[in-house]
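Before any questions on how it binds or moves, here is one chain, the form predicted on its own, in structure tokens.
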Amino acid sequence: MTSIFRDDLFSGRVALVTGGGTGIGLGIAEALARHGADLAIVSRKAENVGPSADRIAGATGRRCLALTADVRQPEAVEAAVDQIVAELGGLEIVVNNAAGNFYCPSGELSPNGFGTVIDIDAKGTWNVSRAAYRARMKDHGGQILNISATLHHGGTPGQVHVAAAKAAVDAMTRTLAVEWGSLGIRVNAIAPGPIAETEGARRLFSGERADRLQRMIPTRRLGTIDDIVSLALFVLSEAASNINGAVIVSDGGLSLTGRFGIEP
């Protein structure tokens, strides 16, 4: 991606990106490093973050920790955040990107399947935000950016678990923005529509379904990881210093049509 932002936009900042080893998370993590931040990327699978951290450090010259932690486990999250603060010297930016998703009609969805997505998306976002707040941000301020979705903006077949989880993320975004804003903490969210070349896209649509979806989008194209990365850099920059508690949709106008990318 050719960036329109200053190379030193996040110089002196430390960032944490969950789910930062692949897809949108990796794109945001690498962009933060290219613009001056030191960072840590976190996943519950070491193979998802080790090579990516090496790639980011090699390409940017910034420090990039590869940490293994399950966002569903508060103690593991707290230990990871403490390690970031100790080794990198701070924590100014958190990107809550870790998520789970799969297509399943509601009548066939098991309690475990529903609960797993709630635990990763909603509880995971809370666990990471809480740990960052307690370890650093309550005394030094900072920014939290949650990666949400548009699936709950209407009724999306086969996505009741994700819709419920992301609705919780949006509510959390707004509530924490109000409660923590006076401490110098901005909390916002980005709600991507269908994004090509991500694991979610591979699971939820491909082939002819992707072609039909593209024709439904007013801009007549799927979103890209770079679209979300550029928006994230703006929201996390001082140019957006008066934006707090926003859930910003990036879907080419698809949700305005009453459709959200998944067909029954």
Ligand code: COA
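All residue numbers are counted from 1 along the displayed sequence. For clarity, every value in this text was computed on a predicted model and none was experimentally measured.
Omitted from view is the form predicted in complex with coenzyme A (COA), to which the following refers.
K.L.:
Does every residue of S43, L67 and G124 put a non-hydrogen atom within 4.5 angstroms of coenzyme A (COA) in the predicted bound form?
P.N.:
No: no residue has a heavy atom within 4.5 Å of the partner.
K.L.:
Using a 4.5 Å heavy atom cut-off, state whether H153 contacts coenzyme A (COA) in the predicted bound form.
P.N.:
No - in the predicted bound form, heavy atoms of H153 and coenzyme A (COA) never come within 4.5 Å of each other.
K.L.:
Can S129 be called a contact residue for coenzyme A (COA) in the predicted bound form at 4.5 Å between heavy atoms?
P.N.:
Close contact is absent here: in the predicted bound form, S129 is far from coenzyme A (COA), nothing within 4.5 Å, heavy atoms only.
K.L.:
Does any part of A99 reach within 4.5 Å of coenzyme A (COA) in the predicted bound form? Heavy atoms only, please.
P.N.:
Taking the distances in the predicted bound form, the answer for A99 is yes, it comes within 4.5 Å of coenzyme A (COA).
K.L.:
Is there a non-hydrogen atom of I120 within 4.5 angstroms of a non-hydrogen atom of coenzyme A (COA) in the predicted bound form?
P.N.:
Result yes; I120 sits at the interface with coenzyme A (COA) in the predicted bound form.
K.L.:
Given the stretches 112-120, 177-185, 134-142, 76-84, which is the single one in contact with coenzyme A (COA) in the predicted bound form, using a heavy atom cutoff of 4.5 Å?
P.N.:
Result of the contact check: 112-120.
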